[in-house]
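Presented below, as structure tokens, is a lone chain in the form predicted alone.
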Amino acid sequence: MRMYTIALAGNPNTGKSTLFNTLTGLRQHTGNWAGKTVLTAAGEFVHHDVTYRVIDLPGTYSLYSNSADEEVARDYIIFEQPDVTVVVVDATSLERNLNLALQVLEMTNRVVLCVNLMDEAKRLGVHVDVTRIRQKLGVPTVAISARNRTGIDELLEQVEKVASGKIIPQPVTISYSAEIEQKIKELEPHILRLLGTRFPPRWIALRLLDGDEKLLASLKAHLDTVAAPGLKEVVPHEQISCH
């Protein structure tokens, strides 16, 4: 039987853990991430004769190195490279929630955007144009209510298509200032030379420009080669904040 891994990412209070429980039921366990005090939850379910392993990442507002939760979520997506990352957003707070979604899209194209709490949005008179969001972001987008179990079948259909390669999302590229774009262009060849195509060079360049020392430490810890230390040499002396 085939098996795919799904990571659930999202801000706190988006109903992400409710979705995790809806998908996995009692087939789940919790523990701590290696070397961290951050809790981890993992579970499994079977859909159309395919087994899915689900990792409920810590709820975070960003994927920078501002907290242990953020580091855990970021490191899992970039190093473990799940088959699909489902980004759960709150239909009543899209403007705030999409910030994290855009950060994930810079890290991987294997994304499904899950617009949760649609029942609450309806109650508040909030209309969400899922089709427009999908067109703007370039990834499959599904409206659900995890607690009412509505939209789950459509979500799983899109997850299966991305996991199996039937759909290859083409996420929007976030444009930065001309100065930052020029520095990204200068860094990318060095990153490709040192790391190959294992990690997204544009995202690595952005983190280096941000002076993300904790990411460098994580890279060193996860690489089998000695390439990571060389990354420091290609970073300009003056970092530019890309936040």
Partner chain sequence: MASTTIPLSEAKTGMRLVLTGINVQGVLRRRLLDLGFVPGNVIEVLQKSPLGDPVAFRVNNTTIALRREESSQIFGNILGGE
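Numbering follows the first chain given and starts at 1. It should be emphasised that the depicted structure is a prediction, and the values quoted were computed from it without experimental measurement.
This next part talks about the form predicted in complex with its partner chain, which is not shown.
- In the predicted complex, no heavy atom of Thr197 sits within 4.5 Å of its partner chain.
- Contact annotation: Gln103 falls within 4.5 Å of its partner chain in the predicted complex, judged by heavy atom distances.
- In the predicted complex, its partner chain stays beyond 4.5 Å of every heavy atom belonging to Phe45.
- A residue is said to contact a partner when one of its heavy atoms sits within 4.5 Å of a partner heavy atom; Glu188 fails this definition for its partner chain in the predicted complex, lying far away.
- Three-residue candidate spot Glu70, Arg96 and Asn99; every residue lies within 4.5 angstroms of its partner chain in the predicted complex by at least one non-hydrogen atom.
- Here the chain stands by itself, but in the predicted complex one stretch of 71-79, 154-162, 140-148, 86-94, 86-94, has heavy atoms within 4.5 Å of its partner chain.
- Residue Asp210 is the only one in 198-217 with at least one heavy atom within 4.5 Å of its partner chain in the predicted complex.
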